[in-house]
Structure formats: structure tokens, C-alpha cells
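Next up: just one chain, as C-alpha cells, the form predicted alone.
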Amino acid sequence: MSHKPNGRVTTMKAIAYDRYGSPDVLELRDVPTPTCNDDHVLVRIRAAAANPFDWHLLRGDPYLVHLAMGLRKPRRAMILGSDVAGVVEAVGVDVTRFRPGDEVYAVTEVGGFAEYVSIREPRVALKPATLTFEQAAAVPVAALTALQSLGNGERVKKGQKVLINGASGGIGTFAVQIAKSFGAEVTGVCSTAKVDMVRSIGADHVIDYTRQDFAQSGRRYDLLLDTVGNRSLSDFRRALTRTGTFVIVGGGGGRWLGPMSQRVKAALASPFVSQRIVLVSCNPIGKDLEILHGLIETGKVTPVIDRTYPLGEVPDAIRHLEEGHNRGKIVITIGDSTKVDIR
């Protein structure tokens, strides 16, 4: 970091890129420190977490990304990272819920793989006191998506049967625990190496997809949450009760639309089937982070961290995430930089 004579920070360290490609195009750079707008909270980041969204943006995959970010290359240098945890350094004049020194976690659109980030107040919540910064950074996007996929408890009733396809990933590990907190009987689907972990976080039943096909088992579920997108719509529907709910939060797809292709097919089929099909994307609102705060503080939900990397090793973290073998979340530690006046 560099400072003006009065002590204000003018630049910070960040992982940035200005062309699409593999993690090799990511660079540790000095970039301008963000300013704190009137309705924003400026956070000194202590930890961040990686999400599949990051490597999709980095590679420009699917091609739909190019339409949003720039056809041949990003329109501006990009800093990845949506999940952050850290300490409030400054607040805008319109901010009422936070003050400097507060420990928070939040969802930012981009910019989390850096020493500072400026975030709109509604996307920020106080960090659960029981979590480290690394654990807290693992929560926002994945846990919010899991919570909202389960309808904040409205889609899942006590005693209902829930199946989570991709139970060992970032969203899946939270979904297992949250569904259990709502009183559901939870079945998780994962690979052989992750069966014990999924069982350890509360799953009542675990299906090893290398040995058993949940769509052919004859069991029927009231809700099926898919985070992978590796099966056909008919396979998922076959595993549901006649009036069950199929929730889509992610998955594969073609080079043009990516995960959107599965969503388009589901949306077209929805009016013609008895089962309910729901498409969910993370809605980064602070009140749902506060709901998660309560689940975490009462011990009902605990983040699962696969491994951590320092800021300079973000390329390695993205490579590991892209391989798809992580158990829970991948976290970036950014450290406790010296507190300075950056207002």
C-alpha cells in the first residue's frame, strides 16, 4: 500500500486481469483504493472466498459473459471475488447500521480479491462472533443461495424429504445444514471421497453417485435442489413426488448459454408439469445474512472450508475450484493490514 503525506491510502494490492483466459492471466497489482460513496461501507478485507462465478467471468464462459463484460476483452481491468469478511474502515453519510471498527461479512458484485472494497449498505451484515474472518468469508454467496433455494424455510416443512445434488460443494454443504435446521429428512448426493463429510454435517442419507443413481432408486422427494446440472430435467423430475419442487441453482450447459440453458428448458417445461420448478440466483440482501447469522450463532450451520490460499495465490485457488473437487468453500486470506485513515 502507498500513502499520501497525510496518511491516506491511495493504492492497494489486488488480483486483477484485463483479458479473458486461464488463471494464468491473473496478476497481483497495485490499483487505486475504492472511495466510499454516500450509501456505501468501505471494508478492509481480512478474507474472501472463491465461487464458480469467478472462473466463469475469468474465462468469458459462457459466451454470454462477453456480451455483459466486453466482447474481446473486459471493458476495464477486473477484480474477482464476491464473498468478503473484514473490518469497516469508513462509512458513507447515508449509512446508519455500521460504523468504523465493526466486523462484517458481505456480498460485493466484484472486487473481493483485494485489500479494500466499497459495498452498498444493504449487502452488508455484522459478522457472527463465533466465526473467524476466514469462516465468515465462506458464508455469503453460497449460504444465501442455499437459504433462498429452500425458500427461507417456506418451501421445506418438517418431516419432508429433501435431496441435494452436489451436497459436498459450497452451496450444497450449507443446504444440507439449513434443510436439517428446518426439520427436513435430507439426502445428499456426492462422490465416494466425500460421503463421510456430507454425513458429518447432518445428512440423514448419502448417495454415492458412482455407485447409485438417485433417479433410478425409486425414492421420491418433496424437494430436489440441484447445484450441478449434470442430469436431464426428466431425471430430476423422476426423483420427485407428483407435486414436488425442483430447485435449480447452478450447473453445466453449452458454450453459449452455460447454466442458463438448463434454466431455459426448465422455464419452458414448468407450465406443463404438476411439479413446481423454481430457478434461484443469489439475492445479496443483508436481512437474509442476518437470518444466517442466527443459524450460525445457534450452532445449526457451520461453514465447511476445503482449503485456504493467500492473496498472491488466487490463481491456484481458481484452478482448484475449476477442477470441481473441492469439499465446501475455498477461502482467500488477505491478512490484517495496518489500519489507516482512508476517508
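Remember, it's a predicted structure, so these values are computed and weren't measured experimentally. For every residue, the number given is its place in the sequence shown, counted from 1.
There is another form of the same protein, the form predicted in complex with a small molecule; it is not shown, and what comes next is about it.
Contact with the small molecule in the predicted complex, defined as a heavy atom within 4.5 Å, is made by all three of 165, 169 and 209.
Considering the small molecule in the predicted complex, the lone stretch of 291-299, 38-46, 308-316, 275-283 in range is 275-283 [heavy atom distance within 4.5 Å]. Taking the partner from the other structure, the small molecule in the predicted complex has a heavy atom within 4.5 Å of a heavy atom of residue 230. Proximity of residue 239 to the small molecule in the predicted complex falls outside the 4.5 Å heavy atom cutoff. Residue contact check for residue 82: none of its heavy atoms lie within 4.5 Å of the small molecule in the predicted complex.
The small molecule is not shown here, and in the predicted complex it never comes within 4.5 Å of any heavy atom of residue 21. Checking 245, 135, 187, 145 against the small molecule in the predicted complex, a heavy atom within 4.5 Å turns up for just one residue: 145.
Note on the partner interface in the predicted complex: the residue among 88, 119, 125, 249 having a heavy atom within 4.5 angstroms of the small molecule is 249.
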